[in-house]
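Take a look at this one chain, the form predicted on its own, written out in structure tokens.
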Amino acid sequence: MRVDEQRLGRSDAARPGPGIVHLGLGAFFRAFGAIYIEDAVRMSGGDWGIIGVSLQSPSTRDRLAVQDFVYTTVTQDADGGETFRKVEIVEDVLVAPEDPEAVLAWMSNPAIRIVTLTVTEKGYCHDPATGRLNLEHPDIVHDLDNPLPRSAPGFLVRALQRRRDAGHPPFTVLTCDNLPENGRLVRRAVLDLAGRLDPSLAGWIAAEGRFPATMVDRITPATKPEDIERLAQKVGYRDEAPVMCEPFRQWVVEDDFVEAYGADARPDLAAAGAEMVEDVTPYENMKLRMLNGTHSALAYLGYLAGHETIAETVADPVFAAFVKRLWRQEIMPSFAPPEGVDLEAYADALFKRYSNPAIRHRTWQIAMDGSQKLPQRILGTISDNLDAGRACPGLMLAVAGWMRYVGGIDEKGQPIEVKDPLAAQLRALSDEAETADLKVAALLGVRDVFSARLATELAQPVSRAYEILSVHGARKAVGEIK
């Protein structure tokens, strides 16, 4: 039998019963949260099998279904070495648009004690500038009038409503997205929606539900067709849904789960290497600002300079000096580190991870959904620096880089495929303005991204940075930040 005919399949090991529903079963969670959960079950037992849910496309379900929902993680070392692992913790994958009733049935099943999420910033249907649920979002408008929802907040609220009505405890909502105070954000969205539907339901969720915040960290580049072919040759079977990842991983979780389940409220995540803490905020700030903030800065400016990946970008000495300066002069002074954490050592470790040539994390991929990411990753740091009277020209340049990027034309005059929920609006604002100052002013007027106060404070420095980018290009502009 040829390698391409040998399918990956499930082993004869005992299968845990389902205990978790995961909304948004993309590559990141399969390379991250699923690994921790499977390790926890191996070490301490428990029925914590995962029912995955795709809120949009059936593609992940279709690729996994032919191999009984088993897949391979490929951990890629900087020296070119690779480690392969078969992951069997996913029991099934549902596609919400095909059968929302099946999704709600699983979420309202009392065997499900946790619902995890990786739906990206835009999946929470919130206003990034305020953190509140956007009641005008088309999916939220639908979910207010229909018992079978479309949105992640809609599925959470309707499932919790069914559990309350059946006399079952709520599930813990455990978000794994890169958002500041992510647990508080999803709690706010759920309560906003529940309050519109049934104020007594909102009161029950507020009293009985739990929404622990988390910090998640593992770089997971997109899987390419050639990755699938290479894996088949190396392991002797064909996996249509492998995930690529770096060796590093870190999960910090607030230990605040639904009390009604007692010792069965969560898997033994600590045994699997997760850090269980009372308050995740210091870890969150550190990661969002130092990793995600510089990732976004490098993505926009690196893409404009012609660099395809983060590793390629930081291999350029101009960008290497730029990101190190961002950490030490603009980002690290803006927040208090977690107790016992050396930020200098953390920055050095990040640079080493960025430099791993095996992790082909594309600048274009990281640049997606910038209107949702910018407030959390960069604008919060800028705001704190401005309040403290600290200049931050590198971060101002990063904002200008985002503005140039969403204009849709690169430095060679070629079109950029901008993936963003506001892409059409941002492109129209950029096209309608004739000068750099007018383009910046128009984009600063987008209240989904910039508060009125911050827009006023950014007008002059971002306009100056945008002008330099327009005249000299990204690489030279980056090199001038001292």
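All residue numbers refer to positions in the sequence shown, first residue = 1. None of these values were measured; they are calculated from a predicted model.
What follows is about the form predicted in complex with a small molecule, which we do not show.
The partner is not drawn, yet in the predicted complex one stretch among 212-220, 166-174, 132-140, 82-90 has residues with heavy atoms inside 4.5 Å of the small molecule: 212-220. Interface residue remark: residue 361 is counted as part of the site for the small molecule in the predicted complex, having a heavy atom within 4.5 Å. Among residues of the shown chain, residue 104 is not one whose heavy atoms approach the small molecule to within 4.5 Å in the predicted complex.
Contact between residue 291 and the small molecule in the predicted complex is found at the 4.5 Å heavy atom cutoff. The shortest heavy atom separation between residue 202 and the small molecule in the predicted complex exceeds 4.5 Å.
In summary, among the residues 150, 295, 238, 187, the only one with a non-hydrogen atom within 4.5 Å of the small molecule in the predicted complex is 295. With the partner removed from view, the residue among 158, 126, 307, 287 that has a non-hydrogen atom within 4.5 Å of the small molecule in the predicted complex turns out to be 287.
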